[in-house]
Each structure stands twice: as structure tokens, then as C-alpha cells.
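One chain comes next, on its own, written as C-alpha cells: the form predicted alone.
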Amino acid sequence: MFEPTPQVDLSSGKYLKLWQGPQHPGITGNMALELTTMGDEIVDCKTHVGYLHRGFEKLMERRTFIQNFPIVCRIAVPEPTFNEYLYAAVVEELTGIESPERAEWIRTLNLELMRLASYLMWLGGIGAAFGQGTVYQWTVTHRDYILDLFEEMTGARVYHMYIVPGGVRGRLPEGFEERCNDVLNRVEKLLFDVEKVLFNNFVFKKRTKGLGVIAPEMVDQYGITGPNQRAAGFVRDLRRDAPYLVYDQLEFDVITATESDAYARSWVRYQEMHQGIRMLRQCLERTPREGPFQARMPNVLHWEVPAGETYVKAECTRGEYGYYMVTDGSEYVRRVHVRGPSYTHAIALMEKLAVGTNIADTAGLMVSLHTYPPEIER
């Protein structure tokens, strides 16, 4: 067991309290770090998650099932599709509705496109945190190309509200496969440039290797999932270990590392982007062109979901994402709990790893854990 960080006596005069965020380019989302420093070394860290995009679980209890779709998208802004899917999946499990095969393939395509877009934003963030602004410009530009595809597919760039109970809202547009493959080719070419400019960069290696090491015994104790766990040597991925949608029909590798530092976490995510492109090409090739994309549904404006409870989970870019829902047979959710990786990674883990870190590396450490504050105060 790990001992809690000892309390710092600020009255001694040796320490200085600093705030990083909430408005700071080195902060993931609208949150803040309360840092206590001695010289340029952090001796204590407290997280403050702020008030932007908060209180979703209680909001959802006061709306009908169909009215919650515009809400769940906001829980993880850079990757709202995972919330769309999980909300739809948990409602489907409680009602016994089955999504058609065509919709399952389109959903998988949607999720992996979102994963790639989210990773591109994250990759730019880790580059910028260590002075590589060029990488940020590259990756955000290519993320916009993927948002163009989402706009074409769903009618919206960020909040799509495309995956609904029973399937998806529409078929893929004509010519979408060719345009999507073109974007994938451009992103793949970019990734090789990023490897040369960022991952082979001496300064980036010097500053990230050994930064924020997560000991393997911390993984289960702190509830660490996703790339943060795989960078510590754990071969765990819900897409392989508890398959959903059509992941059991796709070929992909679970990427791991052993160093468990900021560089290893970055490398794992970088390699997972290549795996994502690999899966997307399979989806584009194998998604059925004919057949229903939406199951027969009741009147969703007066939809009484049977009483029950269930938990549905999926692998988002940051690890296990889950929805626990309780219903009482009415038109409203009785209780819903959203399990996102950020609560553990951005609070318990960040506060632990920040101690002993240089102030200049705080932003890079935080980005390497990949968190979204709205998941924390739900």
C-alpha cells in the first residue's frame, strides 16, 4: 500500500503556493492545480475540477430517455461518441432492443473515427507541452479533416447525437468510403512525420523518460485503465477482453510498454493510432451497404423503459468507460452513474505523481495521463 502524501507546513516559509489553471495551455480542460513548491520542485498538489460542463447525472434524472442525448455528449467533449454509444447500449440492454448488424458496423466505424480524432488532439497537446508547437498545428489540422467526415456522416462536427437506441440515425453517405480512406492515408503519413519530429527528438525523450512513472502495483490499487495501464505492461483492452459491437471480427493488436513513464504512455497511444487506422480500413471494407440501420422503436416521446438495472462498458481512448443505470418503469431514468477514467487519473494519480516533479514538467505530466474534467464532477 502507498502512504498518503504528508501534509506540508506552509508556515515554515520554505514553500510557495502556485496555481496552474484553470485558464492555462498546460491544463487538460477547464480545471486547476493548486501546487505547493519548494524552489522549482512540487511538494504537494491538489486538483480543482471547476464548474464547466458539470452535474450530468442529476440532469439526466429529470429528462426523458430521448432528451438525454444532447446531455451525454458533453461529458467528454473531445470524444462524445463513446457517451452516445454507452447511453444507447445501456438503454438497449434494459429494453431488450437489438441494433441491426449494419448499425453495429457503422457504430464501430464511428467510435474508431472518434478515437483517432481524440488521439490527434491529445498528440498535439503532448507535443505543445514540451515546446513542439509544430506538432500541435499538424495534428489539430488533421483532426479537422476527421471532423469534416463526422459532419458529412451525422450533420454535426462535435456533438453528433448519431448513435441512438436501436441503431444509428442514418446510412453512410455516397462516396464516404473513398473520402474516409483519403483522410486515413493523410493521417497515416502525418504519424510517420510526428515520429521523426517528436518521438525521435532528444529534448522530448530527455524530458518524458522517467517522468511520472506508474508502478505496476499502483494499477489495480488506483483503478488505472487504458493506455496508462498498458504502458505499465498490462495486456488489457475491453475491445479484446469483453468484445462489443463487431470488435470480435476485427484484427488489431493490444499495444503495451513496460517503462510506464510519460514517454511510454505517449508511445502506446501513438501506436494505437496506427491500430485504429487498421481497424477503420476493415470497417470501411466490411460494413454492409444494404439492410436496416435502425430497429423498430416505440414512441420515444412517451417511452416507459421497464424497471431494472445494468452496467455497460467500453474502451474509450483513456480506458474503461461505463454506464450504470437503474430504471423504475417510468419515462425517466431513476438513477445513472457514469464511470469515466478521468476521476482516478486526474485526481488520485495526478496528485501522487506530481510530488517531486519540476514545475516545468507539470503540463506534460498531466497531458500524459489524458483526462477530461467533466467526467470527474458528473
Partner chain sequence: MKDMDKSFKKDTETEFPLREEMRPHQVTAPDGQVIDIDPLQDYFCQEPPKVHAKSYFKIVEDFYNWARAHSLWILGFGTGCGAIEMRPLMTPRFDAYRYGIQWRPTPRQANLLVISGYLSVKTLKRAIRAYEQMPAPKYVVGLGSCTINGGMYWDSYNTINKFDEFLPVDLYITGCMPRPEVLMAGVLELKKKIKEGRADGANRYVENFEWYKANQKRVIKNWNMPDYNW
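The structure displayed is predicted, hence computed values, not measured ones. Residue numbers count along the first chain shown, from 1.
Missing here is the form predicted together with the partner chain; even so, the following discussion is about that form.
*Asks:* Quick check on residue 49: any heavy atom within 4.5 Å of the partner chain in the model of the complex?
*Replies:* Residue-level check for residue 49: yes, a contact with the partner chain.
*Asks:* Looking at the partner-bound form in the model of the complex, is residue 38 within 4.5 Å of the partner chain by any heavy atom?
*Replies:* Residue 38: no, not in contact with the partner chain in the model of the complex.
*Asks:* Residue-level contact is defined here as any heavy atom of the residue lying within 4.5 Å of the partner chain in the model of the complex; does residue 157 satisfy this criterion?
*Replies:* Although the partner chain is absent here, residue 157 would touch it in the model of the complex, with heavy atoms inside 4.5 Å.
*Asks:* Is it the case that residue 77, even though its partner is missing from this view, gets within 4.5 Å of the partner chain in the model of the complex, heavy atoms only?
*Replies:* Yes - in the model of the complex, heavy atoms of residue 77 and the partner chain come within 4.5 Å of each other.
*Asks:* Looking at the partner chain in the model of the complex, do all three of 62, 121 and 151 come within 4.5 Å of it through at least one heavy atom?
*Replies:* All of them do, each having a heavy atom within 4.5 Å of the partner.
*Asks:* For the chain shown here without its partner, which stretch in 277 to 285, 247 to 255, 264 to 272, 143 to 151 has non-hydrogen atoms within 4.5 angstroms of the partner chain in the model of the complex?
*Replies:* Comparing against the partner chain in the model of the complex, the contact stretch is 143 to 151.
*Asks:* Can you tell me which residues in 53 to 83 come within 4.5 angstroms of the partner chain in the model of the complex, by heavy atoms?
*Replies:* 53, 54, 55, 56, 58, 59, 62, 63, 70, 71, 74, 77, 78 sit within 4.5 Å of the partner.
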